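Only one chain is given next, in structure tokens, and it is the form predicted on its own.
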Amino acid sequence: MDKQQAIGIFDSGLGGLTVAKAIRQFLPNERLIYFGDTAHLPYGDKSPHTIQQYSAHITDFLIEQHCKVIVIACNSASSNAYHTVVDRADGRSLVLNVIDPVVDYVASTDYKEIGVIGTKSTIDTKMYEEKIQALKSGVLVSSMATPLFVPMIEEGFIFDDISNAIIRNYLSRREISDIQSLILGCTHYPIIKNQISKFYNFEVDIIDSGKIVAGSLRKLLANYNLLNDTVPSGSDMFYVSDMTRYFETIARMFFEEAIQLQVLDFWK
């Protein structure tokens, strides 16, 4: 590993772009290689074994691209396939998931009632509850699966009556009532963060992983003396396993520039 190598980022679709955008802002000298597994989204309704298989193949690709670190920008993969990715990388790349940095952040706050929303596969692991309560005693963590959010966002239903109705239906449930903060346990969800905040009348701290993970990544690279302090060699690259119209739209909106997007399907 050396400083000029790229940062690899992967997600089931476009949600990980929220993490990639934050990394670009925090680490402007780094080159990014992003893979969105749009052919298999959402990961949230897949079995752990299937998520592990997909993650292993993507890890192989990012290692082939000589990435110095692999960011698992997907909560479903972070909760079900983190150790698979670490084993697959086998020391050739550092690995960072999106759950541990958020847990560390929440443990440093004074919040006693914390809500978590995410995909079924993330919520079923109880990863957030167990990790938060291991670091912070006396805290109540309430979790709820919100499986319609990812397909809704991937299909472009945001800032409209349809998305507002779905958000209102989920967040009105008892599972996450009376909370001080809400963890967006899916990297797609920051795209609708403002709508979620509005539902709570902006009185609940909505925690998304983007900036938190970017800050942890910076520390990780600094610890290994891998921060790139020169102009990056090469352009950012964005790959998808299946072309979707909305992915390119969101990517261009986030990065405010033309992006190099290629279709690369390992499974054909």
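One rule holds for the numbers: they count along the sequence shown, beginning at 1. Please read all numbers here as calculations on a predicted model, not as lab measurements.
From this point on, the text means the form predicted together with a small molecule, which you will not see here.
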Partner contact for residue 35 in the predicted complex: the small molecule, 4.5 angstroms, heavy atom: no
Although the small molecule is absent from this view, report whether residue 42 comes within 4.5 Å of it in the predicted complex, heavy atoms only. yes
Flag residue 150 as yes or no: does it have a non-hydrogen atom within 4.5 angstroms of any non-hydrogen atom of the small molecule in the predicted complex? yes
Interface membership of residue 122, the small molecule in the predicted complex, 4.5 Å heavy atom rule: yes
Which of 129-137, 166-174, 75-83, 106-114 lines the interface with the small molecule in the predicted complex (heavy atom within 4.5 Å): 75-83
